[in-house]
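Presented below, as structure tokens, is a lone chain in the form predicted alone.
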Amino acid sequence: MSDVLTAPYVLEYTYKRSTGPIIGRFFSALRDRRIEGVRCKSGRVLVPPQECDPETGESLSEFVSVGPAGVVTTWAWEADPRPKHPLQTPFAWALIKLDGADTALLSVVDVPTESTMKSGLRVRPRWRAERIGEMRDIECFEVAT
């Protein structure tokens, strides 16, 4: 029998990260059924907002209301959702460029069939009944009527 030195180890992250003024405001707006982006010095509107301009590194703080509707720019079909996916029926993962935004937001689109999905499809958010200020306050997007 060899002497082996062992010690129990649990990998965990026991801290909570604060959202800060930019993402915090974005989440608060979602709770209120609004979507906000942030304007760069170049005039581009980033959604979701970022704290710093990706081109210049400057701090950003000019908020802009966008959407809530937009268009699908690209998508991938999920025919067999897993238990932790946002929907339990087939759906599309999609990049959605909201009206007034220059970047696309990743979300899911609930449509009846894969043949319904296409780039350029107009969609709008389906809000959760009870919102708490997080990305899942948008349950999914659905075809805009």
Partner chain sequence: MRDVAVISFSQLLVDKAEANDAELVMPVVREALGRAGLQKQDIGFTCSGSSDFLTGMPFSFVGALDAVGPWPPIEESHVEMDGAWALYEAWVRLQHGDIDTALVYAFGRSTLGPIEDILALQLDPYYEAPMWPDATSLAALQARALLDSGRLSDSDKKKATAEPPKIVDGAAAVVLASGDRARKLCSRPAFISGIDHRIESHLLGVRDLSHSVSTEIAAKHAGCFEKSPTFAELHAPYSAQELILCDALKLDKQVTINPSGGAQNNNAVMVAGLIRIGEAATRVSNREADCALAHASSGPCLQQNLICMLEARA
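As the structure is a prediction and not an experimental result, all values here were calculated from the model. Whichever C-alpha set is largest while still superposing within 1.5 Å between the two forms counts as the rigid core. Numbering follows the first chain given and starts at 1.
Just so it is clear, the following notes concern the form predicted together with the partner chain, a form of the same protein that is not shown.
Participant: Go through Gln50, Ser65, Thr116, Ser61 and name the one with a heavy atom inside 4.5 Å of the partner chain in the model of the complex.
Facilitator: That would be Gln50.
Participant: Using a 4.5 angstroms cut-off on non-hydrogen atoms, would Ala129 count as touching the partner chain in the model of the complex?
Facilitator: No, Ala129 stays farther than 4.5 Å from the partner chain in the model of the complex.
Participant: Using heavy atoms and a 4.5 Å limit, would one call Leu98 a contact residue for the partner chain in the model of the complex?
Facilitator: No, Leu98 is distant from the partner.
Participant: Should Arg33 be counted as a contact of the partner chain in the model of the complex, where contact means heavy atoms within 4.5 Å?
Facilitator: Taking the distances in the model of the complex, the answer for Arg33 is no, it never comes within 4.5 Å of the partner chain.
Participant: Can any non-hydrogen atom of Arg82 be found within 4.5 angstroms of the partner chain in the model of the complex?
Facilitator: Looking in the model of the complex, residue contacts with the partner chain include Arg82, since a heavy atom lies within 4.5 Å.
Participant: Would you mind checking 92 to 111 for residues with a heavy atom within 4.5 Å of the partner chain in the model of the complex?
Facilitator: If the 4.5 Å heavy-atom criterion is applied to the partner chain in the model of the complex, 92 to 111 yields Trp93, Ala94, Leu95, Thr103, Ala104, Leu106, Ser107.
Participant: Is the C-alpha displacement of Val10 equal to or greater than 2 Å between the shown form and the other one once the rigid core has been superposed?
Facilitator: Where the cores coincide, Val10 still shows a C-alpha shift between the shown form and the other one that is 2 Å or more.
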